[in-house]
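Presented as structure tokens, the chain that follows is alone, the form predicted on its own.
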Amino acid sequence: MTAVTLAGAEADPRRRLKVLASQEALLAIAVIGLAVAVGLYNPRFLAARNLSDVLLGNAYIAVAAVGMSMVIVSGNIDISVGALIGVLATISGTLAVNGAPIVIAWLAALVAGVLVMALQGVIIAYLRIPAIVVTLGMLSILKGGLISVTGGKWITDLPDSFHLADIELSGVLPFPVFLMILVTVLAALWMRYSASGRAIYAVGGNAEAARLCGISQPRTIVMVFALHGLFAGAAALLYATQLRVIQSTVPPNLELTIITASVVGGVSILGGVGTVAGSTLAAVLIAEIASALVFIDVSPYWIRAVQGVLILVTVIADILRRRRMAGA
């Protein structure tokens, strides 16, 4: 490989890193700017209780978006995550109500999440079936199975010790917010500085080049999906413990919200580019927009349209950016 080629290969990741950093900065500015604008229109929006509800009620989405970002960066997609979170929440809640040790109830959601997602990763990686097809099939299995087994009945009488979302660290920091921050920071550092984390970018950016460098695409994909399952399990625990009951149904459009957070956060739908920090900021922004609609007297149902616009704008911007970088 020539010196010119090496220089170009080194410059391209650096250029992409600068672009992603600018996107994260824009998201942070958008979060702050929206809060100020809506607060000027309706000061109640800036009430501590409302801002706390925005973070606490959506921390599980940010945690799930971390795993989704890894999956999309690897060049894949998962549309079964919403159904899986519903199933894992039900499994954990059922164990807790039936007298299982609370730690076992929590661990069950994490282990089951890893197993289900790892299975999908194996099918995608080794049978070479497109991720959209595999996860669509799993979505139907999980949705249908959940309704068939539970009959749609809610889980009630959960023990007080089950509610992770009620824990406050040092009496100040709610556990869901702490977990959201911790997961984001650790995942960001791992993806940026570890060999296995950088392998995700390599596989998603150019699978053939990654193979020639000695990176196993199948093993990387299985690893990514297993990690995605772990984060989905953690998200399910936050979702299950934020209320006193667990709805034995799949949260509506949850997978769309999670994918939107990842894509708006700067993860390229084409793979190979993105950060988990951006997806977390985007998850907060989407939750903030949903809350803002209520305070400016706009129907909250418009949030779905807003999500659709955000996805289209972000994907179009990403494609135009790629073309500009390729022509540079």
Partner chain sequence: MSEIPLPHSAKRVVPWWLLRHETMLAVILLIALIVLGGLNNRFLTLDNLLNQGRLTTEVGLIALPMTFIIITGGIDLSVGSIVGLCAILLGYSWKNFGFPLPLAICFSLLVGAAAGFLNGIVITRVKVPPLIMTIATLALYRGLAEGISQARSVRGYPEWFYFIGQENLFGVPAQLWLLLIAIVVSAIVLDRTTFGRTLYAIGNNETAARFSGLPVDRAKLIIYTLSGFMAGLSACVLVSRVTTTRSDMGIGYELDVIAAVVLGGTSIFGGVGTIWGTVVGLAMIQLLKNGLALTGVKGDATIVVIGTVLILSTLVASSLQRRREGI
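Everything numeric in this text was worked out from a predicted model, so none of it was measured. Positions refer to the first chain, counted from 1.
Heads up, the form predicted in complex with its partner chain isn't pictured, but that's what we're talking about next.
A residue is said to contact a partner when one of its heavy atoms sits within 4.5 Å of a partner heavy atom; residue 25 fails this definition for its partner chain in the predicted bound form, lying far away.
A residue is said to contact a partner when one of its heavy atoms sits within 4.5 Å of a partner heavy atom; residue 195 fails this definition for its partner chain in the predicted bound form, lying far away. Residue 259 belongs to the set of residues with a heavy atom inside 4.5 Å of its partner chain in the predicted bound form.
At a distance threshold of 4.5 angstroms between non-hydrogen atoms, residue 79 is in contact with its partner chain in the predicted bound form. 138 is the sole member of 158, 138, 188, 210 with a non-hydrogen atom within 4.5 Å of its partner chain in the predicted bound form. For the candidate spot formed by 52, 57 and 201, no residue has a non-hydrogen atom within 4.5 angstroms of its partner chain in the predicted bound form. Partner proximity in the predicted bound form, defined as non-hydrogen atoms within 4.5 angstroms of its partner chain, places exactly one of 222 to 230, 130 to 138, 80 to 88, 235 to 243 at the interface: 130 to 138. Taking a 4.5 Å heavy atom cutoff to its partner chain in the predicted bound form, none of the residues in 206 to 235 make contact.
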